[in-house]
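Single chain ahead, written as structure tokens, the form predicted alone.
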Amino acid sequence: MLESTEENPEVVALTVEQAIANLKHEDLSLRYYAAWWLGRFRVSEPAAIEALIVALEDEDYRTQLGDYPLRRNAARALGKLGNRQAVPGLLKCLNCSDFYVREAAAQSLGMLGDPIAVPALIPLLAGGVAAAVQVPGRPHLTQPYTAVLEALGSLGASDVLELIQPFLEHPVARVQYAALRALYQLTGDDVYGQRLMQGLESSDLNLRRVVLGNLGAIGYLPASNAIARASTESSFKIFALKGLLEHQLNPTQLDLSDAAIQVMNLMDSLL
């Protein structure tokens, strides 16, 4: 069965109509690919949204471990398509037995920006750091804490600061970074941005990439020079700087700020 990944899929030419139809195809691999394809190419037609929402409750494609690959791809796609019609279905996914479906749903709810999701996300932090341990025999924690923390930050859930704060001490660095990202978004306190920026000194390349993504997501301008100097591929640095730039642009003003020009110059230096 086709297991194209989000990061490195084998792209197959489809029309929008074919992709939507394939979400109901008897070949489960075609359903799986169609869900990815609709998200990858930002197909936001009503028929695509409706078909992906239906796929969130798919029972046909289930692995031997009991996971739901099609649901995962559908949840990821719906976050990219920006239609809040998907919110109720994604909220249901937060209760799915598949960790990766819960993770994809949390990420997409954060992207869709509807604060109605906050009360449903909070229970996934139940038990705090003590409960945030690795599931025996699986490569993940009990809940998708990184995705949940990032979503709460994006959704402006300032009333849950006390729930987020303890995760600064979680033993997994990615979870710590997600907590720092969320706390900076919710408070604007520079201490969180500075601590996140220190992650660029990590000896782990993958963690440095994660930090770049987080700094770009929060638009942390003081990190601009550190981002440009970071020991990672230029593509990751440019993507992070793009996030900083987007936070500096004002659609009501034609002139660029000095900060925006500085970031653009850094981006040019990496090309």
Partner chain sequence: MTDPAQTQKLIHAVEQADSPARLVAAVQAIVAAEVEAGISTLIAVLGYNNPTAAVVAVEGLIHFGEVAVQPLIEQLDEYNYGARAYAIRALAAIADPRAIDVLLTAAATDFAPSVRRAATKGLGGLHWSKLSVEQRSAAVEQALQTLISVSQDPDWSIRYAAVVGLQALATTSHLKTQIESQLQQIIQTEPDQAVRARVRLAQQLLSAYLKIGH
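Remember, it's a predicted structure, so these values are computed and weren't measured experimentally. Positions refer to the first chain, counted from 1.
There is another form of this protein, the form predicted in complex with its partner chain, and it is not shown here; the text below is about that form.
K.L.:
Where does its partner chain sit in the predicted bound form: which of 231-239, 63-71, 25-33, 48-56, heavy atoms within 4.5 Å?
P.N.:
It is the stretch 231-239.
K.L.:
Would you check, heavy atoms only and a 4.5 Å threshold, whether E246 touches its partner chain in the predicted bound form?
P.N.:
Yes, contact at 4.5 Å.
K.L.:
Just to confirm, L254 within 4.5 Å of its partner chain in the predicted bound form by heavy atoms?
P.N.:
Yes, L254 lies within 4.5 Å of its partner chain in the predicted bound form.
K.L.:
I'd like to know whether V16 contacts its partner chain in the predicted bound form, with contact meaning heavy atoms within 4.5 angstroms.
P.N.:
Flag for V16 set to no.
K.L.:
So in the predicted bound form, does any heavy atom of V11 sit within 4.5 Å of its partner chain?
P.N.:
V11: no contact with its partner chain in the predicted bound form.
K.L.:
Could you pull out the residues of 71-98 that have any heavy atom within 4.5 Å of its partner chain in the predicted bound form?
P.N.:
Residues within 4.5 Å: none.
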